[in-house]
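Coming up, as structure tokens: structure 1 and structure 2, two forms of one and the same protein chain.
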Structure 1
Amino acid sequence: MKNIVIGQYIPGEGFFYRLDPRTKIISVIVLMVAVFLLDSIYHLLVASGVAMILLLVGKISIGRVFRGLRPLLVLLVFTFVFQILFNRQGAILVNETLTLSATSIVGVLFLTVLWRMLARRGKFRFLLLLMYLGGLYLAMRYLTFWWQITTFPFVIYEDGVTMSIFVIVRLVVIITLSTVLTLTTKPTDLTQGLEKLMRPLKVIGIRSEDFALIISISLRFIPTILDEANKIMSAQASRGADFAEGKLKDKIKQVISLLVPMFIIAFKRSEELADAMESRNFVPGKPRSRINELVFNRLDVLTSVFVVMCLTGSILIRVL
């Protein structure tokens, strides 16, 4: 349980590591806006080229970024399928009739079972999902004999294809940008950057210092509490609890046997932590000096200029 990595941060050196977190946060937001302003696929491809160059400059491996995309694959596939099925504009590319018959239903069921079984093994899940979707199409297209129940049209329009590609590329670019931020910025620096940026919110009564302290303490206690969860799970397992298997009802029971002690211990911890903080003269809301300082240097100026140029560029493209 030692050396748990919180967040996606990977220690390293390079251009992005030397930037002030404030610059990085604002740049990512501004670049996202710039990307959203683009409305043609060609401009977007240029933008993704720029994103690639950024990765190269920062010596960030593209594989890393794509691993960050993995949890969003399902969302991407869903967007793709949705656009293809429901966008009704432009020239017709494919016009087929699909059939729901006794054989095709059996085919669909068979494919579903096969897909779930293979997916359980946990390898090539994404590929399997694509093959499953393709299989569904083939089954309903060609298994037309016996007891035709109903038929329905399957039409793909040109805009459906371009739009789906457009949306996906846009998402990928945006996620790449935010991944660069999280890969190269320590969670603590990130909170400190956010704290400084949220300073103006003091006007409406939000104290960003408190907010930042809460986040940094939470980050600090994540490994401690994970460690504890493991201990409690072992303790409960030695008393016959089984967290891995059993019916849903049993599983819920087991989770409760984990959560109740976790909460009790967490409350006790927080009380002791509050005592420790207070005895070291912490007074909420009182000004404090800082050991970690953010420095805005020449690289930050350079980055800001670049980001402003990107934004102006996409505004000009939009307007002209």
Structure 2
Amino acid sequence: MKNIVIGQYIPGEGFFYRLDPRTKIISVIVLMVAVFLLDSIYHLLVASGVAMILLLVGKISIGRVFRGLRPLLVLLVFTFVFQILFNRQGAILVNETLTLSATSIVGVLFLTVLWRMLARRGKFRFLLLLMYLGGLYLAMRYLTFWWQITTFPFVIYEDGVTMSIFVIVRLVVIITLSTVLTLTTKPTDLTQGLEKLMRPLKVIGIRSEDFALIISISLRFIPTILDEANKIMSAQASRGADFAEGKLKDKIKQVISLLVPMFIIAFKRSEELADAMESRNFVPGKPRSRINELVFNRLDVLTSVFVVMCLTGSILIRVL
């Protein structure tokens, strides 16, 4: 939870901080569309390089963005394994037979216990997971010399490897673009930008002000709620609670003990927010004035031209 950066705003003075929020919102959407139009792993690698250059130009910490990807490693690993195991197209790269025997079962149990013991320390968990998966493969591949129970094929195709890398790179680029938007845009500016962009929806009865306010409050309170959750977990850990170990029944009780104070804190925060909004004379449905109005500048024009060029390039690559 400590590494989640979704919804967080980090003050800075880079290129992206000087852009109009409307430009950033539209640019992120257009760049995501451009990324989805790419159908080659080499083109996506070029897009990821462009994303890294944008981070450097905007003076955004690349380490902070990648630390924010840690909570999504499980999703990325699952996507990689799913594509490897179930994509049956292309040339065969690996064609072996895995055996489940008494010795392989002993090896799998030993690796599982060792992995859980090392994972308790909380360091290099992702690397340990990869080593554990590799150990499972080696155990069922070579520890097969006593009491064989059953065998099953293990086949890896070329397109499975290519598609797994393709999907992961695409997800990383898209998440990086969305993270840049929230890291460099204040929640108030983001609300105002969404409100301005959604004003044409009033024709069909959608109030842009209310919709933008809901999104802004949601993004604003994600890091706040996660921070409160970390404090509660630390307080319960100091009293002997362990969220990583124990039986399933004990884990359920510990999660319930975490959810109850979280709901109480969420309701308390909502009441404080409502009082603060009322003290500032906020009335739903009434027009509101702002101190700072959004204004486009030359940087917005240059950014728009760059984004249009990226979209045009993606379309030409897809068509040709």
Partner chain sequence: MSYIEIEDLSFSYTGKRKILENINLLIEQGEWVAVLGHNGSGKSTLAKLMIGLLDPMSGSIKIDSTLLEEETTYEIRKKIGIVFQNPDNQFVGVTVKDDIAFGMENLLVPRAEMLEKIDFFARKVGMSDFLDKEPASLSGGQKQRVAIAGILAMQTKIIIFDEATSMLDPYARAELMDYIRELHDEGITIIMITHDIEEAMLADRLVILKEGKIHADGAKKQLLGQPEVFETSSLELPMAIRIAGMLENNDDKLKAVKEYLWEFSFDR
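FYI, numbering is relative to structure 1, first residue = 1. Predicted model only: the values in this text are computed from it and were never measured. Just so we're on the same page, rigid core means the largest C-alpha set that superposes within 1.5 Å between forms.
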I need to confirm something. Of structure 1 and structure 2, which is the form predicted on its own? 2
Would you kindly determine whether I84 and G63 are assigned to the same rigid part between structure 1 and structure 2? yes
Relative rotation of the two rigid parts between structure 1 and structure 2, taken as the smaller one's turn in degrees: 22
Shift in angstrom of the F211 C-alpha between structure 1 and structure 2, rigid core held fixed, comes out at 3.6
Hey, core superposed, how many Å does L258 shift at the CA between structure 1 and structure 2? 8.3
